[in-house]
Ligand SMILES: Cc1cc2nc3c(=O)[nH]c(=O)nc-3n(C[C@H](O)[C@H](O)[C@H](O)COP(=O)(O)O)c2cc1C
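Quick setup: one chain, the form predicted on its own, written in structure tokens, and binding and motion questions come after.
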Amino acid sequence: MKNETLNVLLTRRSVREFKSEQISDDELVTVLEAGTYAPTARGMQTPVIIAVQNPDERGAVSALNAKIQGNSGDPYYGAPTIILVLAADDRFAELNGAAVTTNMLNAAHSIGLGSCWIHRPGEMFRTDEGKAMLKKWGLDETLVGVASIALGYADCEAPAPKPRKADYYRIIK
């Protein structure tokens, strides 16, 4: 059984080469709005989604992520937009944030954008520097970082999918 949604789910791949051209406001809003429709525990909608396009702020986010990673490169692969997903510090933060992130990754692919899930926001926003960023942006410093996304126009072919494990799922009847 194939349909448009399944095609998006089966063909989305992480992109690690981006054009410098910024995505359109309509494309950005489409991706962000898709994130707001992700399921969250008890429907509480606790995640907070931040899109960073300002070059100075983008550079600061990238530098902090690289510092946590222990290098000086750009962990966001030159993508012109970085999306940060944070959440209220509760037992559902990671699950809620992961659902939001996944929705946005799939939405990006569905409209022709490249994206890549980038780790380390948890560590980033536990630092004094990360908390200062949140404060500067008018956000609660108690939010926890869950995930981030490099987002833009791909400057490469989509990688081939890795073969799926034979025992990835089981059906118990």
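Bear in mind that the values here come from a model prediction, so they are computed numbers and not experimental data. The first residue of the sequence shown is number 1, and the count goes up from there.
Although not depicted, the form predicted together with the ligand is the subject of the following passage.
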Study note, to complete from the structure: Partner contact check in the model of the complex: of 127 to 135, 41 to 49, 27 to 35, 113 to 121, the stretch with a heavy atom within 4.5 Å of the ligand is 113 to 121
Review point. Taking heavy atoms and a 4.5 Å cut-off, does residue 20 contact the ligand in the model of the complex?
Key: no
Point to revise | 4.5 Å heavy atom contact, residue 77 to the ligand in the model of the complex | key: yes
